[in-house]
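One chain comes next, on its own, written as structure tokens: the form predicted alone.
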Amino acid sequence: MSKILAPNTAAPEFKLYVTADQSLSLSELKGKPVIIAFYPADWSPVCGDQMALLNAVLPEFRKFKAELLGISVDSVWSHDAFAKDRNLHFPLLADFEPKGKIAKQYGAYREHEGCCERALFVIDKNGIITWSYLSPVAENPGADGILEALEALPQ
């Protein structure tokens, strides 16, 4: 398993594609809490369950004015099909080329498999990681840790 970035670390800036012609950067979300869910692959069963669960809990995250981002090394085309199939209402960002560049910066890249770890981060409105969790790749980590981290953020 990787060693992911720990709390009290500045979250590395990134700009990744959400669609073929639209990108999103972390700095665009400054002033809001951000949840980043790195996950191995769009179409894996555990990833599908995890993203569906996070989508279901999205209204709770929004109570904290938090933005949820899913990140994997899959392409924008795979993300688009997966998001439509799963009816997801949050952006999936493609850490596609150079492959895994952002996941590596967060310590959330599985080098030997060429995919992201299943890692969660909560970033405060100032861009500081306040909570991080590395889940075993075959387990859905749920949303309880994220909600507890959001509740602990200063208002």
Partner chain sequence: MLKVPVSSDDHIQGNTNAPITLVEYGDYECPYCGMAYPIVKQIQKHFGERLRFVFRNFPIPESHPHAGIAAMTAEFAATKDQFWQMHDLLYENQDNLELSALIDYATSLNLSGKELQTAIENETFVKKIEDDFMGGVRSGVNGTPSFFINGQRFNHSFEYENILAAITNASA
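Only a predicted model underlies this, so the values are computations on that prediction, with no experimental measurement involved. Positions refer to the first chain, counted from 1.
Here the subject shifts to the form predicted in complex with its partner chain, a form of this protein not shown in this document.
Participant: Under a 4.5 angstroms heavy atom criterion, identify the one residue in V57, L29, I128, A41 near its partner chain in the predicted bound form.
Facilitator: Filtering the options by heavy-atom distance leaves V57.
Participant: Pick from R86, R62, K104, K99: which residue has any heavy atom within 4.5 angstroms of its partner chain in the predicted bound form?
Facilitator: By the 4.5 Å heavy-atom cutoff, the listed residue in contact is R86.
Participant: In terms of non-hydrogen atoms within 4.5 angstroms, which of the given stretches 33-41, 65-73, 87-95, 107-115 touches its partner chain in the predicted bound form?
Facilitator: One stretch meets the cut-off, namely 87-95.
Participant: Within 4.5 Å, heavy atoms only: does S132 come near its partner chain in the predicted bound form?
Facilitator: No.
Participant: Can D21 be called a contact residue for its partner chain in the predicted bound form at 4.5 Å between heavy atoms?
Facilitator: No.
Participant: My question is simply whether G142 lines the interface with its partner chain in the predicted bound form - judged by any non-hydrogen atom within 4.5 Å.
Facilitator: Yes, G142 lies within 4.5 Å of its partner chain in the predicted bound form.
Participant: Using a 4.5 angstroms cut-off on non-hydrogen atoms, would L147 count as touching its partner chain in the predicted bound form?
Facilitator: The answer is yes: L147 has a heavy atom within 4.5 Å of its partner chain.
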